[in-house]
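Just one chain follows, in the form predicted alone, and it is written as structure tokens.
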Amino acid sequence: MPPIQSVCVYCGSRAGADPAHRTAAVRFGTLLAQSGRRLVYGGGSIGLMTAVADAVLAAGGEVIGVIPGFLERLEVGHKGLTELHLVDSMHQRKLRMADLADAFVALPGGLGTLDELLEVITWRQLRLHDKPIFVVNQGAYWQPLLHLLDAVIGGGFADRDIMRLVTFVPSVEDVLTALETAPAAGAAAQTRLR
């Protein structure tokens, strides 16, 4: 088994305006399953989230979803997953997803995706984990985030070394290549989130 066995993916609960984002999500899910890694995600049956999950399942992979009960009751929970964990809150969802993952990947998404991504980057900065974080900047979707990080550094609110907390890659294929060489976080780093 590869050192990184579970990958948490953050992405949109909508498909987005550019069909290339859905194509990339399906491609990533397929490649992830073919690499022998399982998907951990927000458990939804809508948007890019379901595109990734369905692609992993179609390629014979495992998918673990984590969803708060209130979203499950609104019938947006995916019914065909390997495992679906119900939690009480959005906060518990993020923590459970992080606990179950060896690495994090952000595809295009909205406020929820941005929230989840920034939280795991901050947790890494605080040394609560040392799991790799990848942002797929396909079509320069996340370029504004790169500009924001530069502004934070330029404004004196962080040092330039925050850029080492996250790796921006141009395609989903580049994530799979990076996962092959990324070291798994130590056991101590994996337990400090609690």
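Residue numbers here begin at 1 and follow the sequence given. Everything numeric in this text was worked out from a predicted model, so none of it was measured.
This protein has a second form, the form predicted in complex with a small molecule, left out of what is shown; the following refers to that one.
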Verify the flagged residues Arg14, Met90 and Lys94 against the small molecule in the predicted bound form: is each one within 4.5 Å by a non-hydrogen atom?
-> yes
Although the small molecule is absent from this view, report whether Asp102 comes within 4.5 Å of it in the predicted bound form, heavy atoms only.
-> no
Answer for Ala53 alone: is it within 4.5 Å of the small molecule in the predicted bound form, judged on heavy atom distances?
-> no
Determine whether any heavy atom of Leu71 comes within 4.5 Å of a heavy atom of the small molecule in the predicted bound form, and answer yes or no.
-> yes
Is Gly112 a contact residue for the small molecule in the predicted bound form, using a 4.5 Å heavy atom cut-off?
-> yes
